[in-house]
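Take a look at this single chain in structure tokens; it is the form predicted on its own.
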Amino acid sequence: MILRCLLAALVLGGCVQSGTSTDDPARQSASWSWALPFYFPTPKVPSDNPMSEAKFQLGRALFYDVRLSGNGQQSCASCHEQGKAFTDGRAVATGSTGEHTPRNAQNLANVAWHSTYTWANPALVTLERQMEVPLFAEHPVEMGVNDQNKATVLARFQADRDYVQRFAEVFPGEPIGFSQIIKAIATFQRGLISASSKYDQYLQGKATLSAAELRGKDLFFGEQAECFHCHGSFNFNDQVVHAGSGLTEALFHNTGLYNIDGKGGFPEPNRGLFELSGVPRDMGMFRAPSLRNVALTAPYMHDGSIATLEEALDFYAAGGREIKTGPHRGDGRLNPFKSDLIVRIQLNEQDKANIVAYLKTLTDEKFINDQRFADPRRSK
């Protein structure tokens, strides 16, 4: 794993080139074209759900439509706001009935390259499968679609002349059903590409970084701060799949956030892979999120329990977190299941400030303001 991360880091951390051209024929078809920098591989797209502009636009409309929820009160965008890099700014998300989910809403930028979805479920390997979770989950309720209201929800779209026409164009001969809705929204999400940050411009020779940002970059990709071990890919995470991928390993990590019983315990129902496997060593194992647009996606961690980038750096520099009072009291630094990559790091205040300065270069203003990704009803 470390060797793979090092290779990725050499590309992103030490190689500045110009140009964005590519000769990969998989990046273009009659109905879709991937406009990507040279260091972005072509995404992997399911063979039964190919990309097309019409499907992307249909998925975009559905993503912002509250009629897709059981009670007609919430859309996908309710928890994934474009201005916050498709997060919601809350510690944990709130479903359509007001019920809180146990976890932080995740950034949707560049989700086309994730090898698994949600915070800790290795079985969810496509956006299509992931979409079933917010749509149909009952504990907790998110969109609130269930057996009692499925027909009502579909009838809303079947009665809309514009949707009827668009579904017929994208899925000829097929009814308007949840399979088609899911494929369209997954296509929209797969097209949410963030590749125009200041750091991307720097990699392409179109921008320069300040002295503080450069020093932060060197710390990030160096062995002192070691951030690159889990965030060294072009997408700044360690779960990446693309069109040319073979069998990939899905990596999850216990970062020492909790240790409520002195035996490595995390608070229920947020115990990572352990919630599915029941295997003790899976306690507290979560997916490392992409750091693209990380300055916009606070609060941080799977439960939103760290408020700022500065606090996040303090957490990692300490090799975990000690909570001294309350129900979650315990020393996460001593968690027996903590990743070997999470150790105490010597960072002074200047080092931390420089790393934060570098992380802010990953903000993509074009991405969060691009009308192509916005609510089509508001951007007309």
Partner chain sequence: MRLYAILACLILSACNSSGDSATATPISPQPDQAVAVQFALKAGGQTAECNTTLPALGSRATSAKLRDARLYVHDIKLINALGQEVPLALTQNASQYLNVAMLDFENKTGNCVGSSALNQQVTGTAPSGQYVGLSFKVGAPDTAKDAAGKEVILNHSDTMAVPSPLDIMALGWSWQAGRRFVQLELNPDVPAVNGKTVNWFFHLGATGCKADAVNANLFSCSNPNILPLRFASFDVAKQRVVLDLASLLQGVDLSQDAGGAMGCMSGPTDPECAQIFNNLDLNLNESAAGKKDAGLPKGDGNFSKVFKVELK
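The structure presented is a predicted model; accordingly, all values stated were derived computationally and were not measured. Residue numbers count along the first chain shown, from 1.
Separately, the form predicted together with its partner chain exists; it is not shown, and the next lines address it.
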Handout entry: Triple contact flag W113, D218 and A243 to its partner chain in the model of the complex, non-hydrogen atom at 4.5 angstroms
Key = no
Problem - Single option in E275, D88, D160, D303 placed near its partner chain in the model of the complex, where near means a heavy atom within 4.5 Å - result: E275
Handout entry: Among the candidates E132, D261, E169, E310, the residue which, in the model of the complex, approaches its partner chain to within 4.5 Å (heavy atoms)
Key = E132
Problem - Residue contact check: A295 to its partner chain in the model of the complex, 4.5 Å heavy atom - result: no
Exercise for the section: Flag P267 as yes or no: does it have a non-hydrogen atom within 4.5 angstroms of any non-hydrogen atom of its partner chain in the model of the complex? Expected result: no
Exercise for the section: Report whether the minimum heavy atom distance between T248 and its partner chain in the model of the complex is within 4.5 Å. Expected result: yes
Handout entry: Partner contact for K150 in the model of the complex: its partner chain, 4.5 angstroms, heavy atom
Key = yes
Handout entry: Contact segment among 210 to 218, 115 to 123, 229 to 237, 190 to 198, judged by heavy atoms lying within 4.5 Å of its partner chain in the model of the complex
Key = 115 to 123
Practice task
Determine the residues of 131 to 160 with a heavy atom within 4.5 Å of its partner chain in the model of the complex and present them in sequence order; the list may be empty.
Solution key: E132, V133, F136, A137, E138, H139, V145, N146, D147, Q148, K150
